[in-house]
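Heads up, the chain below is alone and in the form predicted on its own; it's given as structure tokens.
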């Protein structure tokens, strides 16, 4: 089976567009000091309540390079689009071609200028007083996901599926010395294959929704008898985990079986028609929690499965999110480092089909779930709790709710209740972090 090439990821300057404080020009001033000619533009538009910064995004296929008649602009192997000011004749074609406004023009010198990231140490980032600008080292992230993708393309999952992205990244990090376990659910075809064709070159076992941890126990114990430390990793949904399979999961956790269990939580039985599960958010509309004159979505609060697993006293438990890949990769590595104990990851996995959202919305939903405290990112390493992505100033709950049709029926009071529940969940984890700080 042919394997897909690893993507090229490069370090980049990231700007939270439009999030600058009014009147701040710290980035532009720092850039001008470092590079003589400013290469970042501070935008202050109080008429439309917009305050932000714009600079070169180092495009993969830069239009400015193609428009330059002298070849003064080149795309380097490191990913930086660099302008040679000695070759620039000041025609302005690059600035016209750049639809993002990423190139500045010095009228006095008659030359263009553009960001070169200060060769990886951008002065604007150091000067930014609010953290709106940041330097993201994506190349280090690529080194973590260094193995080839073991799954074939075209497996038939929904376009934009967060679970498929997480599945592929998980095993790019783990590598080949692994046995994959699945159960009936949306992503199981990555394990089972399509008709008579395999979709993975890894050894894979598909169980029932009720017995995956039991299957893993038998396989890992036999491997250990043979002196092999091959990883046994489950990647299954919330129905298998939180509902019908919870008894077997709890038993394996209590026994401390040396396996890694990953739950991709899309908050429902999406593979069979969008029925509610016990992890479905309170108030959410599903086929079995409809909205009408008699009821208004799911009446019960979501079951906090990762916290339940942590209270089993297992070696490692963490929540994860594909919108925060550095955090996800670090937690996956720590879970894999557990040699003789049970490790559990609970992965937030938005389902745009079941949640009534646009096809390309999964990562934005996942990001806002963290930023509104709906889904806090934390870990419990041998009983020591730690929030791995603190959210001191959460976004309004409406920023999360507005992305999905499953919450469209909620009124202001119901939305406020959802926000209070998120804050309570976050504060509960904060309290555990404080309580177990000296354990």
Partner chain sequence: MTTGALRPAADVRVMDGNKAAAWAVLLCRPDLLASYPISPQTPLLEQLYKFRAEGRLDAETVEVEGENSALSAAVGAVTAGGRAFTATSSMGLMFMYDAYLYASGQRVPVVMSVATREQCAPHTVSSGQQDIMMVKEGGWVQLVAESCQEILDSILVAYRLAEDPNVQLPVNVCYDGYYLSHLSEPVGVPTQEAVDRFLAAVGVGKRPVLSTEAPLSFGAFVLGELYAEYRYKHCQAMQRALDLAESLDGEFQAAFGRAWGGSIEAYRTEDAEVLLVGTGSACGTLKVAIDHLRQEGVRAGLARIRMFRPFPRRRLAELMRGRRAVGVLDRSVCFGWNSGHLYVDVRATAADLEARMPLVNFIGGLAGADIRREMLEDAVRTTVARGRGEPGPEVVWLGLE
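Positions refer to the first chain, counted from 1. Bear in mind that the values here come from a model prediction, so they are computed numbers and not experimental data.
Below: the form predicted together with its partner chain, not depicted.
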Answer option from 218, 120, 290, 129, heavy atom within 4.5 Å of its partner chain in the predicted bound form: 218
Within 4.5 Å of its partner chain in the predicted bound form, heavy atoms considered, which of 341, 356, 79, 193? 193
From the candidate stretches 146-154, 248-256, 295-303, 316-324, select the single one in contact with its partner chain in the predicted bound form, where contact means a heavy atom within 4.5 Å. 248-256
Can you tell me if residue 333 lies within 4.5 angstroms of its partner chain in the predicted bound form, counting non-hydrogen atoms only? no
Considering non-hydrogen atoms and a 4.5 Å limit, does its partner chain approach residue 203 in the predicted bound form? yes
Is there any non-hydrogen atom of residue 176 lying within 4.5 Å of its partner chain in the predicted bound form? yes
Should residue 208 be counted as a contact of its partner chain in the predicted bound form, where contact means heavy atoms within 4.5 Å? yes
Candidate spot 347, 388 and 417, all three in 4.5 Å heavy atom range of its partner chain in the predicted bound form? no
For the stretch 128-151, which residues lie within 4.5 Å of its partner chain in the predicted bound form by non-hydrogen atom distance? none
